[in-house]
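Form predicted on its own, single chain, as structure tokens, below.
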């Protein structure tokens, strides 16, 4: 009988994400690197006042930006601004992040656990910006979409949150679990002309 008390999380891309090299074989190696990050703890918090913003910073050990579309932290945790007084917090799975935040923040803060509802894909490589431009309408030029910024957008017809991690470029893309297979397949298809390494 299944142990319902401690369900094992399964990747939404299980059986779909197959490691290997796909598409063109450029002499200087694949232009796209694509992988799934995880398992991650993902929590959304809404805390619309400066006092709650400060409390969130104390609870996480790093202050979230007060500006939408700005990111903070190295990933333990990573805090992505998604709106005024609203952030998505992501870190490698370990502690019960949602419970920690509920215990640390005032009752007026809304804390929503999204770990089982989001998939994070990491997209990098010299052609990553060109691939993103195929599927979304935001300006991804490095002057406009700099490291430590995040953007909500439609990416290949999926609502996605894109986190620019570094200028190399490296992007983390958060998408609803139910759209993960579609987005992965669209990214892979769009990457074939550059060569794509799936890890």
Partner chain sequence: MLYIDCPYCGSRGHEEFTYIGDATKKRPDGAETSDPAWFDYVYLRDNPRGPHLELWHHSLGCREVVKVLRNTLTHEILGAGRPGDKIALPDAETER
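Residue numbers count along the first chain shown, from 1. Not measured: the values here are computed from a predicted model.
FYI, the form predicted together with its partner chain isn't displayed, but the following is about it.
Using a 4.5 Å heavy atom cutoff, none of 58, 63 and 99 lies near its partner chain in the predicted complex. Contact annotation for residue 125: none of its heavy atoms lies within 4.5 Å of its partner chain in the predicted complex. Its partner chain in the predicted complex comes within 4.5 Å of a heavy atom belonging to residue 68.
Put simply, residue 86 is close to its partner chain in the predicted complex: some heavy atom of it is within 4.5 Å. In the predicted complex, its partner chain sits within 4.5 Å of a heavy atom of residue 154.
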